[in-house]
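First come two forms of one protein chain, each written alone as structure tokens, so that there is a structure 1 and a structure 2.
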Structure 1
Amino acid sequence: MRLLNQIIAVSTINLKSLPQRFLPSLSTIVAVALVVGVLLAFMAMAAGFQRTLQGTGSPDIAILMRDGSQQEVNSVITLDQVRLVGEAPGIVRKPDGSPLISAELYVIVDGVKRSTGTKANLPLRGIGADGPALRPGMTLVAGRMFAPGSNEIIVGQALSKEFAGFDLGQQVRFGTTVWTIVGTFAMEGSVFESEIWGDVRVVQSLFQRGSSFQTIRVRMQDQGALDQIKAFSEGDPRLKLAVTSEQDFFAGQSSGTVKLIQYAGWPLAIAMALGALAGALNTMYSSVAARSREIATLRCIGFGGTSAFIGTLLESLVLAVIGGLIGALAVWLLFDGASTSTLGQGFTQIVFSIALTPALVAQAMVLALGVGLIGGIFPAWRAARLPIAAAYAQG
């Protein structure tokens, strides 16, 4: 109990006297804040990108692509293959018995990024009549659906915000053809919001794709249907298509980019943390030096070394925590929710929102506490071991 009282007393003195060491303490706080800020900015970017891809795609929808193509843009599917897939077991059919199926074309067109004015690859997806029915969660937020057979397109709201020239009612030129934007759609912040949609037959003819497609989407009746469709595709030499659930397909697209951002962010943050640690150690050593007489006096009147140790360590930790919180708050205020885009594995831009999650803040606070702990423990040890006579002899 006595020890606890001593610790509380010393800690209070240390913290209350912080304003006397304002500048050195501030430098530690700022250093830790910047370390945490850099780390969180990178991690929040990675998390936002991952969230967008993982929030895309339904587990009930199957995507069929040419085997080995990996990406929608590479795949080629013939009209005959589309007809064959329509006969597959396990797929949902409409009341008239025909399959709910959308054969789609995925071509890349140029757009201009608003923020930088640079060219960007944007996906123009030609979808079939059943396309919207195979996109649960899709809603038109403005305008209307494109009319079949026309040069009309609808655009995802993320794309419209991020890239210039895709506002409702505007016309865009792809090559020699002019398209009118008649609607804007939302789809729960998914990758689809970074796309342009038109009638697949019009896209086929204006891009000279004949009757070829790139992917087929069908709705599955139940969980076992994926294996049924796979077996069906394997069993027919005319098909041999790769079958995945839409959810798995998009989840598999995030790892490369996310790893790249994380591999850039962590080493940078750790290097900066080492720099901040050097600063924290300096601050705390000088704090101990400045208080050496005070510590010696306390020791003379019966305070133990433990209270000096804990008091100093606590001071360092408090500075680091304040710094960490400021860094996290700054990232939250400056970046959280900000929209940006990068080139996805499908070779087109994916718009995503930077997402600062509590888990990331916790990780960053661990780093901040690490700096505070190591930056405080050695000076605290010195404070605890300070020879009383030497402290008075100084100065």
Structure 2
Amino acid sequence: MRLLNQIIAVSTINLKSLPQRFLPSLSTIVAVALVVGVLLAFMAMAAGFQRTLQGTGSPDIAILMRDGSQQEVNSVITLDQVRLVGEAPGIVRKPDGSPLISAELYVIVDGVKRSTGTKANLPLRGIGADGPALRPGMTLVAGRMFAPGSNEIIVGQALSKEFAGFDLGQQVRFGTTVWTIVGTFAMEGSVFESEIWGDVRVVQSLFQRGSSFQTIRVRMQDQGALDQIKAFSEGDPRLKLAVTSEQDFFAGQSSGTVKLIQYAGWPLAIAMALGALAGALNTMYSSVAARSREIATLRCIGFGGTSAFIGTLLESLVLAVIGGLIGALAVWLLFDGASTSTLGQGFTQIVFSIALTPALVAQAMVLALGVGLIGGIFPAWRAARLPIAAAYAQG
């Protein structure tokens, strides 16, 4: 109990004396806040991107691409293969007996970011009549659906907000062709909101793709039908297509970009943490030197070295916590929920919202506490072992 009381007393004295060391203490707080802010900004971007992709796709929709293709842009599917897939078991049939299937084309076009004015790759997806029916949650929020056989397009809500020139009624030029935007659609914040949709036959013609496609989407009767479709594709030498659920496909697409963002964020944050650590060490050594007379006085009246050690270490941890909280608050105020875009694995921009989660804040605070712990432990050890005579001599 005596030791606890000593620790409380020393800690209280240290914390109350912080205003006397305002500038050194402030530099440590700012340094830690910058470390936490940079790390959280990168991690929140990765979390938002991952949430967008993992929230895209339905488990009862199957995607078929050329075997070995990792991206839609690398796949090629013939019209004959589309017809063969329509005969596969486990596919939902429409009232007329035809399969609920959408053969699609995915091409890259140019766009300009509103925020920076820089050019970016955007996805133009050619879809057929059943394309919207294979995307649960798709709703037109403005305008109408494009007319088959025309140079009309509809754009995702997220894309129209992030990129210039895609408002309802505007015309855009892709290559030598002018397209008219007749609708804007929403799809619960999924990746599809980062796309432009037009009639697949028109896209094939104007982009000189003949009768080829890149992906086939089908609605399955149940999730177990995925194995049936796989077996059907593997059993027919004319197909040999890779089959996966739409949900798994988009979840897999997120991993590479998420790792890239994280690999950029952590090294930068750690490098900055080393700088913050140097600042914390300097601040705490200065704090011990400035309070050497106080420490000596406490030692003379019976306070042990343990209380001086813990009190000094606690001061460093408090400064780190304050800095960490300020950094987290700044990221939350400036970035949380903000819309941005980055290049996905399909070589096109994906629009997403930055997402700051409690788990990310906890990770950043652990880093902040690490800076405070290492930055305070050596000065605390010095305070605990400071000879009384030497302390008075410094005073």
Partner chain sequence: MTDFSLVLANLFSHKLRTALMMVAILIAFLIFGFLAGIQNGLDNVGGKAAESRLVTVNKINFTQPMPVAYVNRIRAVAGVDNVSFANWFGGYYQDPRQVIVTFAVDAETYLQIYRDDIAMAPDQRAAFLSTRIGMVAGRKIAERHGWKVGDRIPLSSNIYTNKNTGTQTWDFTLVGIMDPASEEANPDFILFHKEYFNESVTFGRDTAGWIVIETADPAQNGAVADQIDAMFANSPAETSTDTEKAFGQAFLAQLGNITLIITWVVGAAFFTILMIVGNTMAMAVRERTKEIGVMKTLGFPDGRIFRLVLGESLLLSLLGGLPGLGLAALGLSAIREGIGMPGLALAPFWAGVAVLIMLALGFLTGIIPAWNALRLNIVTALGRQ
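For numbering, take structure 1's sequence and count from 1. Model, not experiment: these values are computed from the prediction. If you superpose the two forms and keep the largest set of C-alpha atoms that fall within 1.5 Å, you have the rigid core.
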Notebook entry, point to check: Only one is the form predicted together with its partner chain; which?
Noted result: 1
Margin query: Superposing on the rigid core, is the Cα displacement of residue 36 between structure 1 and structure 2 2 Å or more?
Written below: yes
Next item on the list: With both forms fitted on the core, give yes or no for whether the Cα of residue 370 moves by 2 angstroms or more between structure 1 and structure 2.
Entry: yes
Check: Superposing on the rigid core, do we see a C-alpha displacement of 2 Å or more at residue 70 between structure 1 and structure 2?
Finding: no
Check: In Å, how far apart are the CA positions of residue 322 between structure 1 and structure 2 with the rigid core superposed?
Finding: 3.8
Item checked: Inter-form CA displacement between structure 1 and structure 2 at residue 27 - rigid core frame, Å -> 4.3
